[in-house]
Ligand SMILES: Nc1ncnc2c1ncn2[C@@H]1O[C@H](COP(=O)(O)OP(=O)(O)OP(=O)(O)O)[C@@H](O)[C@H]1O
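Here we start with a single chain on its own, the form predicted alone, put down as structure tokens.
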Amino acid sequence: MKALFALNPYIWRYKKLLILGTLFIILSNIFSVYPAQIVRMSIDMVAELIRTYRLISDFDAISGLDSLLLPALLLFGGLVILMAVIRGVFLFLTRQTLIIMSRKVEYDLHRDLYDHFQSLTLSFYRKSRTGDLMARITEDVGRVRMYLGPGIMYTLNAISTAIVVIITMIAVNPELTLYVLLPLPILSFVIYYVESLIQRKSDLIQRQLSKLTTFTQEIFSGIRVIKAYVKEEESSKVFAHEADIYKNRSVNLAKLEALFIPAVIFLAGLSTLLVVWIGGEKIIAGSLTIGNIAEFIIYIGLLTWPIIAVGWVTTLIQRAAASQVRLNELLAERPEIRFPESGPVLEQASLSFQDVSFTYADTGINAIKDISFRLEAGQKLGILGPTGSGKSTLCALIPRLFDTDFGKIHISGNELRQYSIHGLRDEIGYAPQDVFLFSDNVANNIAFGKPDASQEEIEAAAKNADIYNNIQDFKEKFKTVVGERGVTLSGGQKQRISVARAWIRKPKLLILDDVLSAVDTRTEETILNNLRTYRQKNPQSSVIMVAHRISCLQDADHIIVLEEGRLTQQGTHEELVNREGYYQRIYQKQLLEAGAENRD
């Protein structure tokens, strides 16, 4: 239960609903006892009338008894119905308080977890699986809600029912009450044991379902690769194997659950048998009436569900505790990057790196090693280097998606850590190498960079990224839904929408991380020309462009070359072309490739 103590602040937030729900449960159980007493009185009255009927033979007197019996039975029946209606009203109010309380806490948990997810840094997501995070915010929160709602409600109901009914039974006959209660602890133990088995089997089924779902999701996401390599039959065999495991475990659970209800009915029947047996002897002895036997049988029915609930609620608590442990682990994660509440205003995008180094904590890869350079406001910085040289890492350090291990980064004359999160990132347009589009329409994907953008601004950004004409060819134009991760678009189209998303913000610093690799040379030249025009109109805005093609970088004011995380060359295009090194080799190689293409 220690893990569940973390929920106390949420419960306390809705303490009024909890108190009202407890009151309604107690009242509903009080009114559940009255029908048993009414049944006792009605049966005793009928039995007394029958005895009286046998003692008298006068016809007029018998007619008088008959005329009394029917109204009395109707009265008793009406009272039973009235008690049932009143109890039903209180049960309804119970659910309207306790279950609603659990739903409110569930909402708060979802909201807090989502906000917490948003606050965590990229390093956390690098070491976490998306499926596991989704399971925590859905399945684990659902299990916790079952504890907060049905768990608390049925626990309070079981306790109050047991107290009210047992006190009433003792008041009628303490000895018979003892016999009635004898089988109930055994029943509770059996229920707890069976529920524990059911829980273990349910957990195995849930894990297998998660595995099956993950496999299916990967197959659907990679269906192009499956078809390209003609692996449909192999994937079907794997799916059938995993599905067969899920089926067998589900069947075993169904067999176990099939024994549950008969066991409960059998043990509850023992209490009824003892009541009839012991109570019958007491009727003969004259210490009890037939109505008392009927009354106790009703009490047994009232006690049976609370005893069943003991095992079921225990299982709910076990599951909720295990889930809350997972949630507590997640909530204990703290963002590695902290931003101040306020900071300086980023007026212009001058940038400097001073002996900056960075190592990925999860892999130990030293991606950036002692890098220093400077970029003045309004300039364009080109970054070139082989795969894995640290280009994307360097770009991610600027908006503080990662924090440096050593060295300092200054922007607009201030150290990067002095800026608030909005003060820094609102002035940066970042188009990462790994393009991600939301399963939404084209307009909303572009406007993601500026949610309040007008249609004119969206179209202008699309034109700057040279995607406007392609969008006009779509059937729904800007309202075209791009599908999950932009699956309906080509690689070049996705890259250009990503560029438009960053460009629409009109940022002080525009970072384009190798986002022109999938476009043709004509489109590339159009985007570069638009970029030159943009810089002329916004002389304080800087551009950082990562590329593998020299043609994207040759108009840059400053170019740096990264190799194995180190800055090996820097200068202008003319300086680097005439200097031996990686830049010159790539330039000459691309010249030869361009010449070969022209000859073809």
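Numbers for residues come from their place in the sequence shown, where the first is 1. Keep in mind the model is a prediction, meaning the values are calculated, not measured.
This next part talks about the form predicted together with this ligand, which is not shown.
Three-residue candidate spot 27, 90 and 94; no residue lies within 4.5 angstroms of this ligand in the predicted bound form by any non-hydrogen atom.
By the criterion of a heavy atom within 4.5 Å, residue 367 is counted among the residues contacting this ligand in the predicted bound form. Residue contact check for residue 433: one or more of its heavy atoms lie within 4.5 Å of this ligand in the predicted bound form. Though the partner is left out of this view, residue 360 does reach within 4.5 Å of this ligand in the predicted bound form, counting heavy atoms only. This ligand is not drawn, but in the predicted bound form it has no heavy atom within 4.5 Å of residue 413. Put simply, of 340, 388, 142, 335 only one has a heavy atom within 4.5 Å of this ligand in the predicted bound form, and it is 388. Residue 393 is the only one of 272, 202, 393, 160 with a heavy atom lying within 4.5 Å of this ligand in the predicted bound form. Residues with any non-hydrogen atom within 4.5 angstroms of this ligand in the predicted bound form fall in just one of 177 to 185, 80 to 88, 237 to 245, 379 to 387: 379 to 387. Applying a 4.5 Å heavy atom cutoff to this ligand in the predicted bound form picks out 548 as the lone residue from 520 to 554.
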